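Okay, here we've got a single chain as structure tokens, the form predicted on its own, with questions on binding and movement later.
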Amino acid sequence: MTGSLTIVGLGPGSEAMVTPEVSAALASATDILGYAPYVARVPPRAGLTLHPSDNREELARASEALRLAADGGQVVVVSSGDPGVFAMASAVFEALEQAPQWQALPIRVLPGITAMLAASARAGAPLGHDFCAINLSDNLKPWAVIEKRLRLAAEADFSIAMYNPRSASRPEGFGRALATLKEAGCGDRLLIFARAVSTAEEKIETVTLNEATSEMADMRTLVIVGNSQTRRVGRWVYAPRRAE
């Protein structure tokens, strides 16, 4: 096979946060596939075909990428952040599992700066000790699973990075997540609302869970819940390196 498939992360928004390795892959691509707003971040050029699609077409997009690569294309699938964190890498391998005829294709996964790392850096070091990441979207898992994972993460005293907190189609979900954490005894914990990090619309706000409201987040917001020892130093927030 002469084609190849590369799965890349474009970082949180700023071109400065796209890695040189990813930039090189984009420069040599013949086809780029991804959710339309992410594909729009790639400048058009001669010899490049852009394939934007809807955000709920991950498996169809992955299958098309495999087909184009099998036909000889230098194909790149783009995600925001890191492609392996709630993004397209898993979808591509799920499609590949169902298509053994393409399993000999050369495939690379190139990392990117995911939202929780960009948000943590802007805030200080809230992920400086043990932490976990939970996707609050219930498109691919039931809400009961999300609530269970939130409760257990709170019980284990993890800092929690919450992705996809509040969409127009399910505005009530984030409020339920906040209520679950309050019921778990996290009312005094610090929450960082990091919206559109590294873009012109960037906004960082830190409050306690008891002060937080669901309207403070949208789908461009990454929310970090501190652990029980997370504290402020001036405008910075950090998790101590030692657990008590």
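Everything numeric in this text was worked out from a predicted model, so none of it was measured. The numbering used is simple: start at 1 and walk along the sequence shown.
Not on display, but discussed next: the form predicted together with a small molecule.
Residue in contact with the small molecule in the predicted bound form (any heavy atom within 4.5 Å), chosen from Leu191, Leu178, Ala62, Val197: Val197. The contact residue chosen from Phe131, Tyr163, Trp102, Phe174 relative to the small molecule in the predicted bound form is Tyr163, the criterion being a non-hydrogen atom within 4.5 angstroms. Of the candidate stretches 120-128, 86-94, 152-160, 68-76, only 86-94 has residues whose heavy atoms lie within 4.5 Å of the small molecule in the predicted bound form.
In the predicted bound form, Met219 approaches the small molecule with a heavy atom inside 4.5 Å. Residue contact check for Gly226: none of its heavy atoms lie within 4.5 Å of the small molecule in the predicted bound form.
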